[in-house]
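Quick heads-up: it's one chain on its own, the form predicted on its own, in structure tokens.
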């Protein structure tokens, strides 16, 4: 079920046990070769594929595309959604549909900077509405194994405008990729830090963190399929509910 295409009587007749899937992305710089809308394109692509696999068990909302991107603001075109505004946006979406009887909500994140405000929003909602079933995760957490196996560069995780994200865009929206501009960029603390906090212009010249020149559409296809498979399994379990083990 795709909320944007439905009428209010369609929604009124929908199964209230369906899991409401809310994709969250960003509009921010992604180097000289990827569009500003990259995160929103990728999370939307995964979410739409999941809804197609679970059309009777998932209610897909439009993507909340303006993310928490203050760490990219030195690069022109980036739009930042302040934490309090983003938390309000998520809270409003959940509470609106909760008023209409839905009680299972899952936020699928496509941008690392959104993780903290999403977590705060969902924990606040759970405290305010203890009877709601709530969940959230980044789609990239469901394809970490495939990413580590496929990537040729030294980074074996999804970073930013990197080998993995560029591969995903070459698979989903190749006409939006300016691959001839792709660069390998990014500084890393030496020795490594677990808790360092940096703006992107402090780490990169071109806004890339990773080895974009190694990207291929085939890598993107395999990463995308793994993400869809993992998120589909997650949403199927989430929609089913919980039970005691044993």
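Quick caveat: nothing in here was measured; it's all calculated off a predicted structure. Residue numbers count along the first chain shown, from 1.
Only in words, not in the display: the form predicted in complex with another copy of the chain, which the text now covers.
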Residue contact check: residue 159 to another copy of the chain in the model of the complex, 4.5 Å heavy atom: no
Residue 93, heavy atom within 4.5 angstroms of another copy of the chain in the model of the complex: yes
Contact flag, residue 68 vs another copy of the chain in the model of the complex, heavy atom cut 4.5 Å: yes
Contact flag, residue 155 vs another copy of the chain in the model of the complex, heavy atom cut 4.5 Å: no
Partner contacts for 48-78, taking another copy of the chain in the model of the complex and a 4.5 Å heavy atom cut-off: 62, 63, 64, 65, 66, 68, 70, 71, 73, 74, 75, 76, 77, 78
